[in-house]
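There is one chain below, alone, in structure tokens, taken in the form predicted on its own.
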Amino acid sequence: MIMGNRTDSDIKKLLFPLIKMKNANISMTIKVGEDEDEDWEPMGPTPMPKIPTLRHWDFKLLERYPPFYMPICDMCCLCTFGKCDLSKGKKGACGLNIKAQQARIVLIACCIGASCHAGHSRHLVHHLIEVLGRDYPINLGNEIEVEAPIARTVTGIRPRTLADLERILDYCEEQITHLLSAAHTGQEGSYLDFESKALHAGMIDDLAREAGDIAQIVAYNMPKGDEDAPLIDLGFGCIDKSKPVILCIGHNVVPGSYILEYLEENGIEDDVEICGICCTAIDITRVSEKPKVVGPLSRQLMFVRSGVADVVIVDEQCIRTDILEEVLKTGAVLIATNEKMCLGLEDVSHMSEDEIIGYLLRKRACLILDEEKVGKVAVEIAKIIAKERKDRKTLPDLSEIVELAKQCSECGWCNRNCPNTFKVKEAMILAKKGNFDGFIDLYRRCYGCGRCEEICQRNLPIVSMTTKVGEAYYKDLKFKMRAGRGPIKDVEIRSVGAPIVFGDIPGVVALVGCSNHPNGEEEVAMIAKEFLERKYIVVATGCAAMAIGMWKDKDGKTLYEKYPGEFKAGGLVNCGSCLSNCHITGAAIKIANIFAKVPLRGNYAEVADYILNKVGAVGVAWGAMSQKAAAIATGVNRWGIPVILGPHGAKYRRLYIGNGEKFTVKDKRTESLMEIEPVPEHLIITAENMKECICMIPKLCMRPNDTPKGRANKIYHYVDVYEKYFGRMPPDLEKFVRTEKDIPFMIKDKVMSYLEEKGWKPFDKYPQDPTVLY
């Protein structure tokens, strides 16, 4: 199980001193590999799967959910043979057709996403091993025995120490290398095999995230499944501008943790404001309750332009690549801390902290790869810069906005260049008259990409204008969200396993992904609210978790203040950052293992088959944007969990859509094959708007294993949301009613009337223990 070179080295080290001894009797046992602790569970059929190992499982999925492609471009430009025209059935110079080319692009995107999380996790694990040692134990507390369900299932390893996580990442990196190489010219030629490889990349992404999040949980003593994780401050309005402000952006907790450590060691925690954007924000609040969360990545450009931050720390992922330019415009200081984002800055890691502070006073930006030094440097330079910037104005005032708006030629390119076609031109026209209603609406919904001002012929600072209006008119920008709690406890799984599998809890809705929302953060909160009220289990991570917190009810409370943080019906669980997405998949795996006693160790296909047929969970990536989101969704798909994407998700170019016809499964109790209703109907699909998304969720939570009582519960919600949002019965309801027992009593008459109109006929039989593994 260990690498060949290292084995050779270890053996030589053992033998050479003994060989020099004359007449010595050598009696020894050479044990190749780590001490595996073989007793915890027999090894299953597929430990450390290679690319083709789970191909049979992938093909089962792809047969039921054939890839549907939406080419953005029908040219291939990846090699110097091209450009090759792949339209109308033509092949490229290498022989690739358009379907395989689209599948190749999906594989590349998933590899980028998986390598991003694997790189992040590798950085964390290496750093923590340097600080804490390879033998630092993995201990998530007495209430979590299945500490790494993904690692156990995929690799067969039960991680006991940080060194075990390193072994898991070795495997991830090896697989990513092979996967990416398959995208080279003249390699894979089948779209189905490209898709199988993309599913493999998604699984590796899941595994790498689990390794990274477990490492940071144990090393930084983050909450370990704490359903009462503290409520923390969220939003622009919670930042105390009277103090020096340090803003952390990205996905790596290490620099922020050193800042917190320096403040604590020097007793100045209340003297400096620490805040964050995106997943770094969530993770530093898992280390300490002191930092504030500004919001998801959609608030990045607006907050930087506001000039509130005196020092901006960037680490990795989801950071604007023009962040240096934007920060310098405000007179603040920028510190890059990660090799993946150096921004052309001079590496000053070799200097002392005091020398770096002097350098920053002269140059205003630098690269520090020694993250421990970032702690002192960020705090001390913030104290100096805050005094210097005290009276600096970074945004136009309202009267200046009126004058700027008057320069607008009303050409309309801002509207056309906006990904959501927001009415920027109309906001300008109103602002010319001193009416800011249009900009107020923009501030609420815009995710700050800046494409409007990039296209503006008059170079108007539209994002800055929007930010100022928002600052002036939205007085209550303080919210509460629950800190990321990490994994789901085993005891919680024991409580909800049976109700989920039999359908008494109608489903688990996981809201994840980026902030590329079609209509702002509010829609994510509305989706969560709808299903919390219906007693689904709602789970969230990353930008979606923050978006949920940025909406209040009429009593001024956020959903985190209204609903418990437990993994139970009607519970709202914030697992944490994007890395913590693994705990959502992990919960589904634990249901298979803890409730149904399905062995995990190296037993991927059986576990995924159980989830596909019995665990009513659906992922919603309403703002899916990045390659990481593509990898996350594809990884979730391989476990048999369907995903709904927002309308921008179509730009990933590929969906897995069922054709609406009946599926075939095997009933393990009777050993017979039989046709069943098409559940879950799709594996990955887009919804055009929030209403459509809400109506898809109950349908995609249906599973073949539902009892009549459980199916009736799910059908009730499907009918109810459809009537609520579209004013009529679901147009495909007849597909999902197996017998009259599946019809909820309170709506039986109208459902039966509808079914009769559709010519519905009940199933003669349906499976008691369905599987697709036959």
Partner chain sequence: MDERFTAYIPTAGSNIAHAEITSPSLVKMMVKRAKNPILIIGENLEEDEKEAIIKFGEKFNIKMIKTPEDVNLVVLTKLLQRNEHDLALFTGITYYYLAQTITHLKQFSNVITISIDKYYQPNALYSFPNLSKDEYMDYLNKMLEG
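Quantities reported herein were computed from a predicted structural model and do not represent experimental measurements. Positions refer to the first chain, counted from 1.
Below, we turn to the form predicted together with the partner chain, even though it does not appear here.
Asker: Quick one: of T394, T161, S257, N415, which gets a non-hydrogen atom within 4.5 angstroms of the partner chain in the model of the complex?
Answerer: So the residue touching the partner chain in the model of the complex, by this definition, is N415.
Asker: Considering non-hydrogen atoms and a 4.5 Å limit, which listed residue (I268, L477, I657, L369) is close to the partner chain in the model of the complex?
Answerer: Checked against the cut-off, the match is I657.
Asker: Just checking whether I129 would be counted as a contact of the partner chain in the model of the complex - the rule being heavy atoms within 4.5 angstroms.
Answerer: No, I129 is distant from the partner.
Asker: When the contact criterion is heavy atoms within 4.5 Å, does K387 count as touching the partner chain in the model of the complex?
Answerer: Answer no; every heavy atom of K387 is more than 4.5 Å from the partner chain in the model of the complex.
Asker: Mark Y722 yes when one of its heavy atoms lies within 4.5 Å of a heavy atom of the partner chain in the model of the complex, and no otherwise.
Answerer: Flag for Y722 set to yes.
Asker: Does the partner chain come within 4.5 Å of any heavy atom of E166 in the model of the complex?
Answerer: Close contact is absent here: in the model of the complex, E166 is far from the partner chain, nothing within 4.5 Å, heavy atoms only.
Asker: Name the stretch, out of 499-507, 272-280, 176-184, 678-686, where some heavy atom lies within 4.5 Å of the partner chain in the model of the complex.
Answerer: So the stretch in question is 678-686.
Asker: Let me test this: is every residue among D240, K433 and Y473 within 4.5 Å of the partner chain in the model of the complex, going by heavy atom positions?
Answerer: Checked in the model of the complex: no contact with the partner chain for any of the three.
Asker: What residues of 638-667, in sequence order, lie within 4.5 Å of the partner chain in the model of the complex by heavy atom?
Answerer: Read in sequence order, the residues that approach the partner chain (within 4.5 Å, in the model of the complex) are P647, H648, A650, K651, R653, L655, I657, G658, N659, E661.
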